[in-house]
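One chain comes next, on its own, written out as structure tokens in the form predicted on its own.
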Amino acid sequence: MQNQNSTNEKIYKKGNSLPSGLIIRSGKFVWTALWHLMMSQLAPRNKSGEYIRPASQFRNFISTQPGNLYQPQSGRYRLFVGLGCPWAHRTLVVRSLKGLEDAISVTIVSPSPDEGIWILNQQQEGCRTLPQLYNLAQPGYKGRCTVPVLWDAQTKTIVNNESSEIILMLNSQFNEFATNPTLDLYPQELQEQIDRWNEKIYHTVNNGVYRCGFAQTQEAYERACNELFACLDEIDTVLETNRYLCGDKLTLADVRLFTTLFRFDIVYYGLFKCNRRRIQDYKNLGAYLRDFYQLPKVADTCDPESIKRDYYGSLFPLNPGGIIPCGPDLTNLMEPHHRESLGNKLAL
């Protein structure tokens, strides 16, 4: 019996021992080289390892100005959006707040983990993929194929693929077709203040979470992380007395912040290593997020399961196993926010 136990112990130790140092070092070298190669395609970087987001390429505008090729019309334009994408989510939020659902149609696209491109959930214009749509708009196009896309069905081309400009057009150029035309998310008297917030929040928060998640050096990550939470702390202080970023009026600055905040505890906190603090741990930011989420029709634009699937299931370099987490619990989003006393109740 003693000899049998000794034999079993040897087998157990042999079968459960760690790989040798040589195997570990070799595996780490190969994986690191592959990781940097994949990250160079996913997230371009500068010499210090910081993520650099490429600029959008299609920058035309819809307006009523005489001679402009793209005039506001109901049914002429279509949004191509990914439900996991915060930039695309902005356009869905403004479309809903303005009541443009009947005027501007939507096509959902989903990322393909194997192909590394966006796939249309329903074929449009004879296209199955977003690269095909881009090439239809501009034959021979070699740039990045991103969402959102504002598509013109009349000229069969992309009007614009820059979210910050698309939401400006949705806010002001389709009022005759909107069910909520009086809502102005970019009022003249607040534009300078909105622009200042947008500039700060874009660099440190909207793109800041990506600068954390896609950083390729420790130094670049820590710099982005520090800037991110310094800005969140500043916003939390402002929201102590302001219902919204610019006072008691909801603006495009809030829209642009909201779509990042909504994803923060779901994916950025864990996957992007933004784990110094959750948004729900902030006294004011957490309540602000609930306040925005509970505005009429906003929750209908939010799809946490798609967000988790798109990030955890598709960003292979960050999550090679492709395992999608079960949480977090988002029932707190429907808890009272008690922010009405900070400003007039928003009429939608």
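Note that residue numbering follows the sequence shown and begins at 1. Note that the coordinates shown come from a computational prediction; the quantities given were computed from them, not determined experimentally.
One more form of this protein should be noted, the form predicted together with a small molecule, which is absent from this view; the next part is about it.
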Heavy atom distance at most 4.5 Å to the small molecule in the model of the complex, all of 87, 118 and 162: yes
Candidate stretches 190-198, 79-87, 216-224, 239-247, one within 4.5 Å of the small molecule in the model of the complex by heavy atom: 79-87
Contact residue in the model of the complex, chosen from 273, 277, 203, 144 - any heavy atom within 4.5 Å of the small molecule: 144
In the model of the complex, the one of 229, 177, 186, 210 near the small molecule [non-hydrogen atom within 4.5 angstroms]: 210
Close approach of residue 111 to the small molecule in the model of the complex, 4.5 Å, heavy atom: no
Contact test in the model of the complex: residue 301 vs the small molecule, heavy atoms, 4.5 Å: no
Heavy atom of residue 56 within 4.5 Å of the small molecule in the model of the complex: yes
